[in-house]
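Before any questions on how it binds or moves, here is one chain, the form predicted on its own, in structure tokens.
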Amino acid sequence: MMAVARDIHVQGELRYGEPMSRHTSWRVGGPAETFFLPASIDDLSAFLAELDTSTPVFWHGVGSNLLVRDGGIRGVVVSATKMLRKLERVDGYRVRAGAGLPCTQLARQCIRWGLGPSEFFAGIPGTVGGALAMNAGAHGGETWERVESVRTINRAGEFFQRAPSEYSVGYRNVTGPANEWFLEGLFRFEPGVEPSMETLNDMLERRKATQPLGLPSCGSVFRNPPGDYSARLIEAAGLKGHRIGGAEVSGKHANFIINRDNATAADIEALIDFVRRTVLEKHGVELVHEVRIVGEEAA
């Protein structure tokens, strides 16, 4: 890979050949050709405006739902989550949250403010931006049920305020204007719905008891099919503990694939494909992965 964007002046930080294994929860992934950590929204906007239009741009959150292949990512990876962490209460029932804010933090503060239903955000292992991008949900709640508007930035560094009506939102899927990324969301909660810190803590304890949180993973790998659970189908197919290379189907939660022993991205992707094919063969159900797989295969 050749480094790009060397001639662009930034206030933030540009890194070249940055290992994406440092920036994904699976702890795998080849190098980013160029990795940009903007200092501010204005720095990000100026950088995008000046960047050659032929250069691919990949927006990176915290990497909790991402598999980067071993050959890495061409072009520029923008990592802006550290500067997009603001959270403010707008009025009695609305809050504005930056795309880099952890969903658990959003849940805890909304509960302190008495805004509900908000506990379900604690069950989302990522940031507000990632939750917006895939309509993440947990414990019966979904992100876009609470969205009143979003602020975005496009490939040219221009800002937009957009309504939910400008997006097609489904189960773990959001489609909207091309080449735009979420900067923040305005969320509306409901009068008369009292949230509970006890419920939130129960959710977190349940996660700890049922998921392999101490090992590198991306959370749930597959979407739940209609009327069933991916974890049940995978376990019923006898795949708990199945390994390819250093990647393993968790013995604690079958919809988790863990990096057990220095797995490569290729190990994990091969195991994802094996699980999908086996469940289709044994149950006639085609699982769809919700993890995002990006980048180049190793040479």
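Fair warning: this is a prediction, and the values are worked out from it, not measured in the lab. All residue numbers are counted from 1 along the displayed sequence.
There is another form of the same protein, the form predicted together with a small molecule; it is not shown, and what comes next is about it.
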item: Heavy atom of Arg172 within 4.5 Å of the small molecule in the predicted complex; value: yes
item: Partner contact for Arg207 in the predicted complex: the small molecule, 4.5 angstroms, heavy atom; value: yes
item: is_contact(Ser217, the small molecule) in the predicted complex, heavy atom dist at most 4.5 Å; value: yes
item: Heavy atom of Leu66 within 4.5 Å of the small molecule in the predicted complex; value: yes
item: Sole residue of Gly72, Pro125, Gly116, Gly185 within 4.5 Å of the small molecule in the predicted complex, by heavy atom; value: Pro125
item: In the predicted complex, the one of Cys110, Val150, Ala136, Ala97 near the small molecule [non-hydrogen atom within 4.5 angstroms]; value: Ala136
item: Contact stretch among 34-42, 244-252, 55-63, 229-237 - heavy atom within 4.5 Å of the small molecule in the predicted complex; value: 55-63
